[in-house]
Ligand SMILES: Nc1ncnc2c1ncn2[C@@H]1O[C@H](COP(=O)(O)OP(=O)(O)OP(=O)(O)O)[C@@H](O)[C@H]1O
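Presented as structure tokens, the chain that follows is alone, the form predicted alone.
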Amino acid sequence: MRLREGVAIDLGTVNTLVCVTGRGTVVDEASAIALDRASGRVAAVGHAADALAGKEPQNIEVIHPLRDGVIADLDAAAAMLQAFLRKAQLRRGRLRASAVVCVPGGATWVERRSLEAVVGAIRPRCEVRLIDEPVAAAAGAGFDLADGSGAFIVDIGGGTTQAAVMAGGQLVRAQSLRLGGNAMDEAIMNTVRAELGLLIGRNAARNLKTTLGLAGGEGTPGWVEAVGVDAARRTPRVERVQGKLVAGALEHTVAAMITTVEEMLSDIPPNLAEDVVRGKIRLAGGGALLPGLASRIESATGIPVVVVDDPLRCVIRGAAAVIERGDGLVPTQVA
């Protein structure tokens, strides 16, 4: 019987997932916390807090503690994660617990230390290890990280896009863009305002993004209704938003992602080329679900591109696999 409990944490810009050994994913919540301005107490966390964002409730401040995949508000992040770990109902055993925390590949030393500090403050004497998100994504996508074979993974999260080539669980080449799903949402919001004079919220922008995508794909509608506020009259209004408008708004971010992938391929070691082509480029993260993205990357690179199964949970699935195996893919950091 396992006495040493392990926990894997994917602390993302948009969503946070927590997986506990033997129990699977026990927390899948929005990375948000709502605080009462008067008392400073936590009013809500996760989806309940995120639902209040942009609605300007009196005396309530909604905070998204992570920006571009790393902690922007350390105190808020600690309070949010504490609530999530409390929900996970971790055991208080005599042996030291082990935690694997996913971190963007381009995170600085200071950003990595802040992640360790948050988990270490919540779980004293916990052995905290950091794993680069592309490595976890590759494990979650089903690549065998122990046999030396190569893999190409593109993890598109809310705040970052990370492309990596790996061999045997080790990063060979990696690039990180601080652009992801949030940048796409903001681009859609700005374009709809500029072109249609309509102010829409982030939820409406996300709906346009996931429904229309890059437009022109099979089964993709030509337009979607969006509800917002008329920029001139300041009254609610319903507008049909065309797919071409959304595709145009997304073009800058998508082009940057494709350029990153192409640069990675231009610098790939020859011995890895066959592994990458036969293993295909795998897309993970919520951004992988953008309609038309996989075909755009495939057309640009000439290499087959597939979306992994359940891309939203790919990273946490891989981090959980690392804990279950207890292998040495990530260095040990003790908080």
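Numbers follow the displayed sequence, beginning with 1. Worth saying up front: this structure is predicted, and the values here are computed from it rather than measured.
Here the subject shifts to the form predicted in complex with the ligand, a form of this protein not shown in this document.
Tell me the stretch among 106-114, 260-268, 205-213, 241-249 that has any heavy atom within 4.5 angstroms of the ligand in the predicted bound form. It is the stretch 205-213.
Is residue 14 close enough to the ligand in the predicted bound form to count, meaning some heavy atom within 4.5 Å? Although the ligand is absent here, residue 14 would touch it in the predicted bound form, with heavy atoms inside 4.5 Å.
The ligand contact at residue 291 in the predicted bound form, heavy atom, 4.5 Å: Output for residue 291 is yes: heavy atoms within 4.5 Å of the ligand.
Residue-level contact is defined here as any heavy atom of the residue lying within 4.5 Å of the ligand in the predicted bound form; does residue 159 satisfy this criterion? Yes, residue 159 is a contact residue.
Does at least one non-hydrogen atom of residue 134 fall within 4.5 angstroms of the ligand in the predicted bound form? Because no heavy atom of residue 134 falls inside 4.5 Å of the ligand in the predicted bound form, the answer is no.
46, 279, 65, 286: which sits within 4.5 Å of the ligand in the predicted bound form by any heavy atom? Contact with the ligand in the predicted bound form is made by 286 alone.
Hey, which residues along 49-83 are within 4.5 angstroms of the ligand in the predicted bound form, non-hydrogen atoms only? Sequence-ordered list has one entry, 69.
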